[in-house]
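Here you get one chain, nothing else, as structure tokens; it is the form predicted on its own.
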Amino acid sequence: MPPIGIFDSGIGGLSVLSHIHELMPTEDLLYVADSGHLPYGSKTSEYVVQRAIAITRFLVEQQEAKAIVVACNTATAAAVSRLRSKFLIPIIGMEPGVKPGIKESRSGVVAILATEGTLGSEKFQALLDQYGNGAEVIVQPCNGWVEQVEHAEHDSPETRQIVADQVKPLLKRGADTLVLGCTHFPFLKEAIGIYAGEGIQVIDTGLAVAQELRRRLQSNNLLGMAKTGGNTHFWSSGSPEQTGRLISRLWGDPNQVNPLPV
């Protein structure tokens, strides 16, 4: 069976890649870190759309991917509709877990932690309009969080301070559920947990995306039938060496990171 393609603006999508690998360990996976164009959250929607199209075309036409996971909330909001209109294979996107966040909240106060690009998108506003009634939903742009993860500073004192500055006010407002609306943010769960405490729920939609991917592959008869473990290959539009070091810290030895030709 052909491989599955996954991409993000950087290495944040590794949080989704991990769930996919755990759920479907025999599938071959292709991961693109568009690190040379990081961060997507501060780019225009059209810029993100063009990057998403270029990367998807590379994965589909050159690497023969059978499905694409847009492992980035900002890229999903900006580009997933365009991708689905251009490519005939299954394309699975991300979205902040507004619905499960509201369902799980006891206080009725839910905080959405995401980038400005995600929070300012029409897709996110439609999500709020659909599920946000009956709850107080606080939207929190988390400036600097993506960059800290990309610099391998997810557990540094500076990162813990940045997280504290943006999480503590949400808790004071009564939020008992924090929804991670960026694939980089699961790598900050430990820092978030320092201030959130045991009574605060932290929701990450990575597993739900992996489950939806498996469902779509099954319905299209695209699930791999191999009995042994699949291989994972990596590309980066930034420095392959630097991306490789980050992947080693967050995922494991990538063996090799190839330069992205688009």
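Treat the numbers as computed from the prediction; the structure is a model and nothing was measured. Numbers for residues come from their place in the sequence shown, where the first is 1.
Only in words, not in the display: the form predicted in complex with a small molecule, which the text now covers.
**Q** Would you mind picking out the stretch of 131 to 139, 158 to 166, 78 to 86, 175 to 183 that comes within 4.5 angstroms of the small molecule in the model of the complex, counting non-hydrogen atoms?
**A** Selected range: 175 to 183.
**Q** Check C72 for me: does it contact the small molecule in the model of the complex (non-hydrogen atoms, 4.5 angstroms)?
**A** C72: contacts the small molecule in the model of the complex.
**Q** Within 4.5 Å, heavy atoms only: does V149 come near the small molecule in the model of the complex?
**A** No, no contact at 4.5 Å.
**Q** Is the gap between L38 and the small molecule in the model of the complex 4.5 Å or less for some heavy atom pair?
**A** Yes, L38 sits close enough to the small molecule in the model of the complex that at least one of its heavy atoms falls within 4.5 Å.
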